[in-house]
Structures are given as structure tokens and as C-alpha cells.
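A lone chain, given as C-alpha cells: the form predicted on its own.
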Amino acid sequence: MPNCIFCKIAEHNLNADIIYEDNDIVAFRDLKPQAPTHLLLIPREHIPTIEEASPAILGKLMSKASELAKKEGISAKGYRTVINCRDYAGQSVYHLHVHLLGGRWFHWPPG
């Protein structure tokens, strides 16, 4: 998708602090972090929402989120993963992405 900011990051056409990438996914630090650790994990393929995603890519995103939580040192105390779907849920970029947040206390219910 030509105007998608996350596609541009995945294609290395826009700078980001990329901490992991492979043939299927890219993980990078959020520019406006909501926690001391705030990563975004995206599929390389442009997938607008979770509703269009295959179980395989969802599994890979979540599995990698768990691995990165350990690597970032937030696994032992706890972390949150979030996938927003559409406007009412707060999805602002229509390219599937998993937020990985940690390093502080979170409250329930969220926002």
C-alpha cells in the first residue's frame, strides 16, 4: 500500500528503530510510547485489520511478542499486548499491528 506508514517502515523507506525483522514480520519501537517499553509488531504484508489476518501470521506476531518481552526484560513482571480493530477501538493506522507494552503498572479496564 503506497501511503501506509507501516508498509514504508517494513520496506525500509521510512526510518524506525527496528529491533527485529524476518521475512514475515517487523518489530520496532513506537515513536509515541505509552509505556517505558512500547514496541509495535507488524506483518510485512499489508493487512488492514485483525479480521483479514491468517491464524499463521497472528500466531507468529504473538509468539514473537512473547520472545521480545523476554529480550526487553519485561516478561518477569508482566506486559500487555494490544490489537485495536477499527475506529471505535482506536486503530489509527490500518495496517495490522500488535502493541507490546511493559515496564509499568497497567490498570483494568483500559481506556
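Numbers for residues come from their place in the sequence shown, where the first is 1. Fair warning: this is a prediction, and the values are worked out from it, not measured in the lab.
The protein also exists as the form predicted together with ligand 5GP; that form is not presented, and the subsequent description refers to it.
A single residue from the set 46, 29, 70, 60 has any heavy atom within 4.5 angstroms of ligand 5GP in the model of the complex; that residue is 29. Although the partner is absent from the chain shown here, none of 66, 74 and 80 has a heavy atom within 4.5 Å of ligand 5GP in the model of the complex.
Taking the partner from the other structure, ligand 5GP in the model of the complex has a heavy atom within 4.5 Å of a heavy atom of residue 40. Residue 9 belongs to the set of residues with a heavy atom inside 4.5 Å of ligand 5GP in the model of the complex. In the model of the complex, ligand 5GP sits within 4.5 Å of a heavy atom of residue 92. Contact annotation: residue 1 falls outside 4.5 Å of ligand 5GP in the model of the complex, judged by heavy atom distances.
Residue 84 is the only one in 56-84 with at least one heavy atom within 4.5 Å of ligand 5GP in the model of the complex.
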